[in-house]
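Before any questions on how it binds or moves, here is one chain, the form predicted on its own, in structure tokens.
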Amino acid sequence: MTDERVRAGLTHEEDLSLLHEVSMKTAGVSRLEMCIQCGTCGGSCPAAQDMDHTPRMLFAMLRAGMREEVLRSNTQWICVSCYHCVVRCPQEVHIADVMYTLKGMAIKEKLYENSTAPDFSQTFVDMVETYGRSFEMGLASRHYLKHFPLRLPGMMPMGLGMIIKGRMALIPKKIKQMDQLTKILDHAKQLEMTS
């Protein structure tokens, strides 16, 4: 083990199988193997202070084959998908897309500390699969009823204000040509099952 890896706190020998697995599961070309550990991603991230590990450190852990530690990290759940890291990455690594892959892997392997973020993610996906878009009223109601029921009354004034100003609908509306989106999503699921 190199001194650099010891200083980084990496206790495992390099095992690139996890890095390749994540790269292959990421939609498109992730360029994950191109990461040069410059740290631009963490420096660009508005949410990095709340993450267990910066994206740079998470990618080093992937390279070290630290599967459980990576999938149990809160980093992928804290990522707000703003794509600042992607835009600034000198190696054009698709960092936000890798975070989506890690979320999916953590859900599949049930390796997360708290189900709040995975449940929110699943509720969002359910809304998109049902209506073709997010339905904020339903999303917030389901999420708060399941995880923070005592906070729901405190959210009512904001929700009511959004409804009055036309920023949030009371009733969900499906997008036009929902059948086409359903076919696309079904095809994506088939591709995912074969990968």
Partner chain sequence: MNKYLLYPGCSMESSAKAYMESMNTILEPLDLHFEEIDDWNCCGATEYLGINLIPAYSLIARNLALASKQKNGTRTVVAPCSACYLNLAKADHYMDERPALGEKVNEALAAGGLHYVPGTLDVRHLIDILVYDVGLEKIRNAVVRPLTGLKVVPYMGCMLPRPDYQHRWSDHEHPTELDDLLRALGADVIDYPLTTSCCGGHMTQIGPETAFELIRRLVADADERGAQMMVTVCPMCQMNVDAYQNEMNNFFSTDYHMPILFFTQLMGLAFGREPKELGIGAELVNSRNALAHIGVEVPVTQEPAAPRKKDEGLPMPRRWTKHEDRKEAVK
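Take the two forms, find the largest set of C-alpha atoms that superpose within 1.5 Å, and that set is the rigid core. All of these numbers come straight from a predicted model, not from anything done at the bench. Numbering follows the first chain given and starts at 1.
What comes next is about the form predicted in complex with the partner chain, which is not displayed.
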Subject >> Contact label in the predicted bound form: R88 to the partner chain, heavy atom within 4.5 Å >> reply: yes
Original post:
Do M158 and the partner chain come within 4.5 Å of each other in the predicted bound form, heavy atoms counted?
Top reply: yes
Original post:
Can you check whether T54 is within 4.5 Å of the partner chain in the predicted bound form, heavy atom basis?
Top reply: no
Original post:
Would C38 sit within 4.5 Å of the partner chain in the predicted bound form, counting heavy atoms only?
Top reply: no
Original post:
Going by heavy atoms, what in 71 to 104 lies within 4.5 angstroms of the partner chain in the predicted bound form?
Top reply: W77, I78, C79, V80, S81, C82, Y83, H84, V86, V87, R88, H94, D97, Y100, K103, G104
Subject >> Residue shift check between this form and the one not shown, rigid core fit, G42 Cα at least 2 Å >> reply: no
Original post:
Taking the rigid core as the frame, does V29 move its C-alpha by 2 Å or more between this form and the one not shown?
Top reply: no
Original post:
Has the Cα of G161 moved 2 Å or more between this form and the one not shown, judged after a core fit?
Top reply: yes
